[in-house]
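Okay, so we've got a single protein chain in two different forms coming up as structure tokens, structure 1 first and structure 2 after it.
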Structure 1
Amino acid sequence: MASGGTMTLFAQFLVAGVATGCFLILATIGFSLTRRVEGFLNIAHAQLIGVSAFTTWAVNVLLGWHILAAAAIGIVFTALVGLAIGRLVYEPIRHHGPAVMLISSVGVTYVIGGIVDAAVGTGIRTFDIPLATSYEFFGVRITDYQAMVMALAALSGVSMALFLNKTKIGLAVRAMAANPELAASRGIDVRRTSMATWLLASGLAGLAGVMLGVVATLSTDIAFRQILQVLAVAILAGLGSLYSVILSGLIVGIAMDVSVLWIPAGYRPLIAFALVIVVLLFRPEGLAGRKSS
């Protein structure tokens, strides 16, 4: 009897871990895409998640709009903010190299965080949406919002794969990720492709921000808490392919939530990076199995 209860509890945390992993997939795909195409770690990507979450909250709660309309506005606004940052901040300093761009992205992170703090203020915020409905299967509960995160992660992964492999701009993005100089020499519009990358990556951060507001309460420091987890997933994936990001997101999410069975929940981020360290000891290039440039 006790064994059955333990298995049910394990299965419950496993489901929660899959939901967490699916959110991390949404949060990391855009980060990894920017890394591959633009060639640097954009730490400010996590702040775009917060921009989307609070924009959606403002339109939904303060203006009284339906959550779907508010979410659409939040995602589009975040995509445009990301594009503006890419063009106005990062493009002029691109020639200084990835280290300077990385440091600049840390500055952008604090600037965005300060703006959000000033605009929103302290306290906890929630979307004006119905309470989650729970469904039980074989003693394991899953909410409709958890299922939504899983479905959106699956849809985003499939859509990204089709976009990168079947569309002209997607193939241009892949060419730039592989070799920007060669891509430019073959007639690819580097500027247009870079703009598409910023819009897509920031839009995905926007989608992650909406889902973060759906499954959790919002505070102005919530974006900072996502940075380390996004980095953990990206590093574990090897900063490489879409499929390795999906796999590493699920691994990190499941490991963090299932670990609660044995250690306090406050150590979940420690589990994420401990997992990264262990994997990198055996696969220094990450799950992608290739070195990142």
Structure 2
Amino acid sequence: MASGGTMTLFAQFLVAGVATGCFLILATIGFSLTRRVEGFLNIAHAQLIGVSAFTTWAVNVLLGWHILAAAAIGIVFTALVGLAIGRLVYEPIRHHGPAVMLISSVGVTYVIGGIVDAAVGTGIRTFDIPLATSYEFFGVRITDYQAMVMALAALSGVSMALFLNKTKIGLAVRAMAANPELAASRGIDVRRTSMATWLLASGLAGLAGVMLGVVATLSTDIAFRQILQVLAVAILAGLGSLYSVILSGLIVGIAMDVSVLWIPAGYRPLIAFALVIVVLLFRPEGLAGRKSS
């Protein structure tokens, strides 16, 4: 039954696409949060994914620590690096406007990329973890690590939603995103809120970096390849809310992986950008439909 085989294959790529999408959600939530609160596109966000992946790798493989301890160190370290960059580099140039901040983040990308290159060197790295176990449901295979990425993305999504809606600092973050001047005049501690944003956004990049190391092999150019996809998801989401990021992450992930059925795999990243171009041409405000501020 040929059509049954095609359906299974399609379902297989769909599952892979959802897993890719979940990773992209983890990688983009922080980027999108920075865009909303700090008001600019932080190209260097993806470099933090690399920082986390290689810190975790160093602690896990070179020092021989357990992966969970290594991941915790990687994530915390990345959050602190992100905070430090936010305070030292971006805060002083805020008055130059978002264009200068965007261009500066390219400089930050170079600096972090160079440091990672110098420290890690060339070659392929992998974490010291057991090989993935694969489970089969109705002929469709899924590995335990893919399932973990999906679970973590879901968990991060839910906790972000709770954080932004239920906690005081979360509400402050949303207020800052909506109208910084008004937020400041209503007594919101702008500095503290901004610091919380940097920690949170960078920590999420850290989590994404660990996940990347779990499901894939690491090389130092990995961060740059991620930024392309993160940008695609973020634009598709209209640089907007958490929910639109989740939706666009899944769309981009599924579109990229399912496209492999018809289009050579080399074009996989191109699918993400073709989507972006189409969306920007017809809906410059993104899928979410809200006019971006």
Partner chain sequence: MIWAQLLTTVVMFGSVYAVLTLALNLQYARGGMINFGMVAYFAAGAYAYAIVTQAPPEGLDQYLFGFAAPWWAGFLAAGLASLAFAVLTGWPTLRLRGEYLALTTFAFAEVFHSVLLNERRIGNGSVGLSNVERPDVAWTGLDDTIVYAVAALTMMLATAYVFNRILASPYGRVLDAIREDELAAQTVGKKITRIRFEVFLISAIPVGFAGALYAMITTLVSPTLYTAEVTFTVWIALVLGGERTIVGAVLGTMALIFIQESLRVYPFETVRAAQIAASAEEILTGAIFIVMLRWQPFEKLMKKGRPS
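Residue numbering: structure 1 sequence, from 1. Please read these numbers as outputs of a predicted model, since none were measured by experiment. Here the rigid core means the biggest group of C-alpha atoms that line up within 1.5 Å when the two forms are laid on top of each other.
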Query raised in the report: Looking at both, which one would you say is the form predicted alone?
Result: 1
Query raised in the report: With the core lined up, does the C-alpha of residue 14 move 2 Å or more between the two structures?
Result: no
Query raised in the report: Core-aligned, what's the Cα displacement of residue 278 between the two structures in Å?
Result: 2.5
